[in-house]
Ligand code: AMP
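The form predicted alone is given below as one chain in structure tokens.
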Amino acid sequence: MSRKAPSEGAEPPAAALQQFGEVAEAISATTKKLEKTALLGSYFKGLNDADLARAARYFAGHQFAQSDSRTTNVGGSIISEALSEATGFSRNDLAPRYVRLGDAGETAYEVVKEAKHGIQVPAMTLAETESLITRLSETRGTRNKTALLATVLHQASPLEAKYLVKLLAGDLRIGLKEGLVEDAVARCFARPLPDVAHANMLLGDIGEAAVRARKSDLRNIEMRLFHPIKFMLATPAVDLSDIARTMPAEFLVEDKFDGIRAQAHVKDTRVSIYSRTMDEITHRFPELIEPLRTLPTDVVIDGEIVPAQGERILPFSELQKRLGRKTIGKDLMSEVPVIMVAYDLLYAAGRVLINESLEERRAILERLVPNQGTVRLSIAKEFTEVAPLDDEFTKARGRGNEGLMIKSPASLYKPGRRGREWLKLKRAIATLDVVVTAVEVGHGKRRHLLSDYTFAVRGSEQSEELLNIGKAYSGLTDVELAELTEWFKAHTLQEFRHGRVRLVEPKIVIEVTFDRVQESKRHKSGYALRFPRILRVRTDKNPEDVDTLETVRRLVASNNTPSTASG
């Protein structure tokens, strides 16, 4: 799948979407990371700068640069309708194919190939792909977007259609994460991987980082604010002895808040807040804007948004009333007041801080953020032994929080990575984050709602396979169920029993608790949860964040001892 490099001084020809698809197919066919990066690097070398930037973004799963706030707003419904119009297959014809293939892109490939009777006339370039994505972002109205996409799909070859649909769905599903794209860029252009990753983080654009790597221009890059930086993650602590083995002689302990992770960017008078899913959520929390705007310098703050009444932390269920709302009125702000608790600092006063120690970052944060108010500093206590953590955990729970965060003062901030410099102790009951795969109409007063959810875990950290593990009927309010019912109806893949049972797009993540895990032949995972109950909808998580089969096996191995695995 290699491509000859252009002769010295010659401008490489425009890159074809067909060849992008061929490279993607080869990457998907191997599980070896080195082979994936080698294939990608070979492809990158033969591209001109503009196409290199496009290809790097697309292989990282981005339609636009991360620093670009535009979206296409093209979901499964528009893709299905456009594919139907382009091929003549009805949506009822498409649904069982999607269920069988499990991927919208694979479905597009199959039906376009059948509609064209095997004839392939690939003609689309990456520049034209970018133009289409831009036009879709600018086009208003579902019908207009559908018509535009249908026209392009009608002209596309099967492989072009496959990867165009995958790009619009936001997931290539070829076993390639952004970190591997950074690695491929680094190897391809003989640059240090940390330099490439750092440039990507500062720029918010893997495409520009790739072009800069080619030109050996990765130094002296200024931080661009207003694009989300990947959050550093914590590892669940098994028990207190695990903390004792991991932490240094002195370590920091904070309450673990039961809210949503948030990253605030502030420069001059502009304020933007991003969620863990990299979505901008500023509009949902208008009362945080002015307190952030009045901070004494430009900053990027990591913290948690929690519902609070004065010093009292309210249950997460209160915060859920505000999530998913397009507009937040004064009544709702009054009913569910929120605060932002700041506990880390990634950037301040023109200085990037992620490679400074947590101790240094905290010291600067303490000078910038007050101890109380709508935006306030977290309380970090120094401990030298783990025995008192039992009592501290109980106090944290009494304050309305989930548990404890334990951090090494020397820890650097590692975007997107889950290290052991940060550990977490959560609620003392077993929980899992899972994704809903099927829904069913309820009974009694819920007979008009889709209230019974079948859910799955991932096969492994590297796998995209979803394995069903249980079914839950309770835990959500009627208001939440009504909102989700509308979503599931719009994202149904196939209906059974006159619409009573629906296979749905696996996008909704929920947190479930249960009595224990037991082996079961009923589910493909080989396990079933006994008495599962939904704790909450995890709007702050994506399907790739759900727990894996390995987590389930650890629960079984520990005889279902209360776990801290989820979070």
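The first residue of the sequence shown is number 1, and the count goes up from there. This one's a predicted model, so the numbers in the text were calculated from it and none came from an experiment.
Only in words, not in the display: the form predicted in complex with the ligand, which the text now covers.
Contact with the ligand in the predicted bound form, judged by any heavy atom within 4.5 Å, is made by just one of Arg361, Lys145, Lys256, Lys166: Lys256.
When you look in the predicted bound form, the only residue of Phe488, Phe189, Tyr343, Tyr98 with a non-hydrogen atom within 4.5 Å of the ligand is Tyr343. The ligand is not shown here, and in the predicted bound form it never comes within 4.5 Å of any heavy atom of Ile79. Proximity of Trp422 to the ligand in the predicted bound form falls within the 4.5 Å heavy atom cutoff. Remark: Glu110 does not count among the residues lining the ligand in the predicted bound form, judged by a heavy atom distance of 4.5 Å or less. Shown alone here, Glu304 lies within 4.5 Å of the ligand in the predicted bound form, counting heavy atoms only. Within 4.5 Å of the ligand in the predicted bound form, a heavy atom is found for none of Lys36, His62 and Leu180. Residues of just one listed stretch (309-317, 293-301, 401-409, 123-131) have heavy atoms within 4.5 Å of the ligand in the predicted bound form: 401-409. Residues of 195-224 include none with a non-hydrogen atom no more than 4.5 angstroms from the ligand in the predicted bound form.
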